[in-house]
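Take a look at this one chain, the form predicted on its own, written out in structure tokens.
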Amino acid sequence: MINKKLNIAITGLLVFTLLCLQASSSAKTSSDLSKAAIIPKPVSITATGEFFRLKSHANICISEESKELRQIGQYLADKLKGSTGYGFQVKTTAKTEESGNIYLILNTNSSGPNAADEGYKLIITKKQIFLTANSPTGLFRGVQTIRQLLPARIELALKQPGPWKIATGTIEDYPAYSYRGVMLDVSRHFFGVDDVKKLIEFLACYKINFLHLHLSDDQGWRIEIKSWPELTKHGGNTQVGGGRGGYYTQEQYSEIVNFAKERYITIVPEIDMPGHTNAVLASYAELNCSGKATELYTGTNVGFSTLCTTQDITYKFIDDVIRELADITPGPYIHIGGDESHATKREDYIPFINKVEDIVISHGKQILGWDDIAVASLKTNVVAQHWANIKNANIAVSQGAKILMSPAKKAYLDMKYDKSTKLGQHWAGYIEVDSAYCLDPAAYIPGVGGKNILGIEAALWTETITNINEMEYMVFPRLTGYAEIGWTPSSERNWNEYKVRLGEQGERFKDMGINYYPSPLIQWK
């Protein structure tokens, strides 16, 4: 009798739990598309008040046969298969009559604002989903919106209960800025290929399109240069605190570049110079004016190192490094650093930057540098990355340079959230989620308007960040705010509305396996 009662009780509990799960999953999908918690917020949403239901017979249909479109279709199919248990196939068809499918349509003849390279149009009916874009990039951005329109559990690898519903309507969308980036410092603490790939996956979900890798600093050199092997053999050995360090072979770097490219993210490599160069100076004595190699450095001070700017061997070294790096970097930019070079005399610094600019251009790349480089004569198409000095930003603009916005007080991901945060620093202040979000790049620097701004980049320096979990904690949830700043027009952004959508993302963060900071300012779902 006891066992029978126990079995009845257990059965009742299981039924109750299942009903709760079904009720919960149904309640979380509104039939009003305008209520969807999409980040970045789309430019335009029109709701029609019904549902599209993803069913087991659904396929991903591409409008024409090409390796790139098939790759995007397969990416979406792979994202949906695990959690739904459905066997999505990627099919090529010019017809769009079949019910239940998701159609990815490349339309190079489209017009209007959403015809821009990353723009897309998403039409959701009761029977079908049509994603149209002027480029594969736009289709990929639209795929991220489809992901976010589905329940958060779509991100899980194991089969989950349905239903898989999306509210009907139309989304028209395109970015405010062409550059929306994140910088990862792999020099202070080294992060391996798998960790970088994991970050890239997260960035793709929120339509980030640049990942800037800080590959060299006083504490370590992180990219193989075949013509100067001691850079990694010796200079890559350590990191802050004296840990083992590490570096990417050129093959590993190319693996990261290609992985990012498949997610329409461009890698920007940085070789910081003439300061932040102790790992170089410890590796090659001839790059020191004294002719003596320095000791490897594992501390966190800045501004004490400099290349010898008056020797020809220095520029031979730089030319070799840029040449090898340019050969394996398909993106347009090489970042030359240039910040905090306090040990370099100004009269040496200016001609040095001018010569380095010529070297980068000679290898077919555009120059990105911290805004300190504005004191030199900037070439055409230079981008100055603003981090601290407003005067430098204005000088750069006066020379025709574009500005990439990374103000330390607002966009440095290594700044603590508040006094209780155990990781990070606070020399630029505390950056809670609301402070991070309430940044208007076009209004931040007096005299530097929107037409002068290329975009925004949030920077994670890693003096105190030692592993992927710590990285995720400092990046999320601030990253989604920076993504929205870069994508959504400032007139459409509002903190009180955004924080509700961010709260809805909490479940998605969890299901994606992101170790995020649960800000008390947000009502997390």
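Here the structure is a predicted model, which is why all the values come from computation and not from measurement. Just count from 1 along the sequence shown to find any residue number.
Not pictured, yet referred to below: the form predicted in complex with a small molecule.
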{"item": "4.5 Å heavy atom contact, residue 415 to the small molecule in the model of the complex", "value": "yes"}
{"item": "Contact of residue 188 with the small molecule in the model of the complex (heavy atom, 4.5 Å)", "value": "yes"}
{"item": "4.5 Å heavy atom contact, residue 461 and the small molecule in the model of the complex", "value": "yes"}
{"item": "Exercise: residue 339 in contact with the small molecule in the model of the complex, heavy atom 4.5 Å", "value": "yes"}
{"item": "Answer range among 127 to 135, 172 to 180, 158 to 166, 425 to 433 for contact with the small molecule, defined in the model of the complex as heavy atoms within 4.5 Å", "value": "425 to 433"}
{"item": "Option touching the small molecule, based on a heavy atom within 4.5 Å in the model of the complex, out of 317, 387, 297, 88", "value": "387"}
{"item": "Residue among 140, 221, 210, 370 with a heavy atom within 4.5 Å of the small molecule in the model of the complex", "value": "370"}
